[in-house]
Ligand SMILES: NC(=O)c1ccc[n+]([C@@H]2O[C@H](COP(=O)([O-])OP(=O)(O)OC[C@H]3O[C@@H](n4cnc5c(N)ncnc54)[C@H](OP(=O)(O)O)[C@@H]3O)[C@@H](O)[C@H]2O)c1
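To begin, one chain is listed below as structure tokens, in the form predicted alone.
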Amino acid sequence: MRHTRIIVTHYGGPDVLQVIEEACPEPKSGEVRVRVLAAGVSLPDVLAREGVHPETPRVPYTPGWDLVGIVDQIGESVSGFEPGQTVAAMPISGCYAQYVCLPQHKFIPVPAGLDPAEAVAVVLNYITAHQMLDRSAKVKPGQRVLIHGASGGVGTPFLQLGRLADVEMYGTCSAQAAEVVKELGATPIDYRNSDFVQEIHRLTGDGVDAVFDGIGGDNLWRSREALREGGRVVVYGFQAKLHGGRMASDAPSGRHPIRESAILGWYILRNWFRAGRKSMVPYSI
């Protein structure tokens, strides 16, 4: 049996994605083979394709952080799974394929009846939001948080999980997304037509306890200004460097998995020398 998968042969834009046909992989002992129903397309996929994500594989590789699929075949010594079962996994790469083999501990069951495309949206995005709320920011009920891009792929899980955690939420978004952000329990802030730092201080007085910033760059200093004393900025991306789905044109091509981490480290180091008890912490899944 044969299948198709997507490969990246050199780092760059969407044009570097190629489709190949090859023999279908066979599960080894302890592995499960799944027929992929849906694979996520996320910012980490774009950054890895560009060669700048800390988890960037060496080329050639198959992109795709997460998947939902049907168990197709099980290898020897596998227990707890059976053919036809719907499962999800987050192997970080390899999901853009018709069939994928992974160790059984990589999979979790998916409740029957869920739409695969909706279910796969939960894997990376919701793990990211949950870990940042719980591990990075350590939010407590009643605390205040600011979420940049509150209507986006990670912002929406932030709002849903933040509501469950009973935190007071503010979210930057476009005017068109304001109603959605409000329905999910946050106070929307139109980032195009208002200054979010001024709005935060107008609404809260002394600022928020945590800011979740996936924009990066000098926006980190603005996020810091929105904090109250003792607050922290959780940094999880650098969308400011993306233009049209690509890194800024002056960025060198090739594999540079520590470059952006080093730049972020420089921001964190400079933060130590700024006035106020405000921290800046990086997030990694």
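By rigid core we mean the largest C-alpha set that fits within 1.5 Å across both forms. Not measured: the values here are computed from a predicted model. Residue numbers run from 1 along the displayed sequence.
One more form of this protein should be noted, the form predicted in complex with this ligand, which is absent from this view; the next part is about it.
At a distance threshold of 4.5 angstroms between non-hydrogen atoms, residue 214 is in contact with this ligand in the predicted complex.
Mapping the unseen interface onto this chain, residue 47 counts among the residues with a heavy atom inside 4.5 Å of this ligand in the predicted complex.
Among heavy atoms of residue 152, some come within 4.5 Å of this ligand in the predicted complex. Looking at residue 38, you'd find every heavy atom of it more than 4.5 angstroms from this ligand in the predicted complex. The single contact residue among 64, 27, 51, 237, judged by any heavy atom lying within 4.5 Å of this ligand in the predicted complex, is 237. With the partner removed from view, the residue among 77, 174, 160, 194 that has a non-hydrogen atom within 4.5 Å of this ligand in the predicted complex turns out to be 174. For this ligand in the predicted complex, the listed stretch (109-117, 96-104, 203-211, 143-151) containing residues with heavy atoms inside 4.5 Å is 143-151. The two forms, fitted on the rigid core, differ between this form and the one not shown by less than 2 Å at the CA of residue 160.
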